[in-house]
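Okay, here we've got a single chain as structure tokens, the form predicted on its own, with questions on binding and movement later.
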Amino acid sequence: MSNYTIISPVTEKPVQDIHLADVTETDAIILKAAHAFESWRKVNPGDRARILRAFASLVDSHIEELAQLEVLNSGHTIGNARWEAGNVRDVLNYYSAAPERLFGRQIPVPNGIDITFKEPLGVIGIIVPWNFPMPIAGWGFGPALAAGNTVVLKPAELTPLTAIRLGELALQAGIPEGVFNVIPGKGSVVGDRFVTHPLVRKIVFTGSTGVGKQIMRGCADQVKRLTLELGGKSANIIFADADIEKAAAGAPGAVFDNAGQDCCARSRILIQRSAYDKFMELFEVAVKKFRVEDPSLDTAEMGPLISSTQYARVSEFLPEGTPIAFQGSKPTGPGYWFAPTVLAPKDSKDRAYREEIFGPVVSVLPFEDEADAIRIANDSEYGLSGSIWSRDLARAVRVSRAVEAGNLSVNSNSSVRYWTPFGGYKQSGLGRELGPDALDAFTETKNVFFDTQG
């Protein structure tokens, strides 16, 4: 048994000690979830839907509490934190409609009737990162519970407070004991046990590509189901015919939101050469206006990095001689503050251009034409998100089909809607979350044939 002291990224002071589960405790909770599955899967669809709606309603009435807790624990701006808590509510409401709509099919066959059923998997292990503790947890447990599974959820060691509170609210809402379990602990202990325990039938992991590969290897031993949402190095492609003013005004939020600690961050800006100077002039004004301040203020657009370790990692990408075009501002004094930074690398071989930094650093690179933009955008091991800016609709369609990424926006930087699919290409992940098809990731399709010739 051990404890972990949560440190505020804003003040660098201790917030709270959290007990970290060991393997024995983890096994006990997994077994509890497995026992609860036998009854939860039998709850009639209407009742399961009603309980999920009650959970959503309770989250809604605690949005401000959850948001303030996230500001304290994670240093998120209060505006973002309110959205994040609201997203949990919305995801629960969306999937509360699923239990009564887990439709199978009747398939025409000779000499009988053939039907399919959507059956829950069992215990689902959800491993949540520290950058968006509430939404990413909800993306996993919402559809998992709706499909009749039980959940064991491991929040990141750095940011467990909102997950713990959501677990308490679930019980208050009427979700039975053992159905939704929150287990704070180390990834090397609790997370690994999710992978190796035979009663955990699926892993949902969001985090680094390196750790995702380790989990994938571990799941192979049991042919365990897996959803992975991993790293990103998304491209923000801006053509000369675009609304350059709008693109420049939106670019800071697209990469510096959550201090750049976002796998969807548009951390590569590709701007057509003929519009490069105009864009950079406007972008500099927008970056220097971007408000980096106490995240509890309603005006804050960016807070600090999550930890001293993350601050050091991001700083490694800016050694002496780095081609910094310009920077924004940051507070002085305590806190893991990092100024929004814009780089102008000479080419796409630059380390800061190619690797995921997970901090408020963006590289801007010019391109010549449509083919060049597509080539540069796809020259990455990642393919999670991205944006395309152009007034030419035909071009926007062509480029959106050609760019290798799971989530693209045209003349927008929006990545996530809970009612549409989310996930990545290449080393950005495996499978899809959210949207109408997420239930397929938490169910087995069972086919049954009835002979009518007897």
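Everything numeric in this text was worked out from a predicted model, so none of it was measured. Just count from 1 along the sequence shown to find any residue number.
This next part talks about the form predicted together with a small molecule, which is not shown.
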Check for me: heavy atom within 4.5 Å of the small molecule in the model of the complex, for each of I136, S208 and S428, yes or no. yes
Can you pick the stretch from 346 to 354, 283 to 291, 213 to 221, 79 to 87 whose heavy atoms fall within 4.5 Å of the small molecule in the model of the complex? 213 to 221
Exercise: P155 in contact with the small molecule in the model of the complex, heavy atom 4.5 Å: yes
Considering only heavy atoms, tell me if L384 and the small molecule come within 4.5 Å of each other in the model of the complex. yes
Residue-level question: is F37 within 4.5 Å of the small molecule in the model of the complex, judged on heavy atoms? no
The small molecule contact at A377 in the model of the complex, heavy atom, 4.5 Å: no
Could you work out which of A147, V364, A170, L230 is the residue within 4.5 angstroms of the small molecule in the model of the complex, going by heavy atoms? L230
Listed residue that, although the small molecule is not shown, lies within 4.5 Å of it in the model of the complex (heavy atoms), from I269, I127, A373, A242: I127
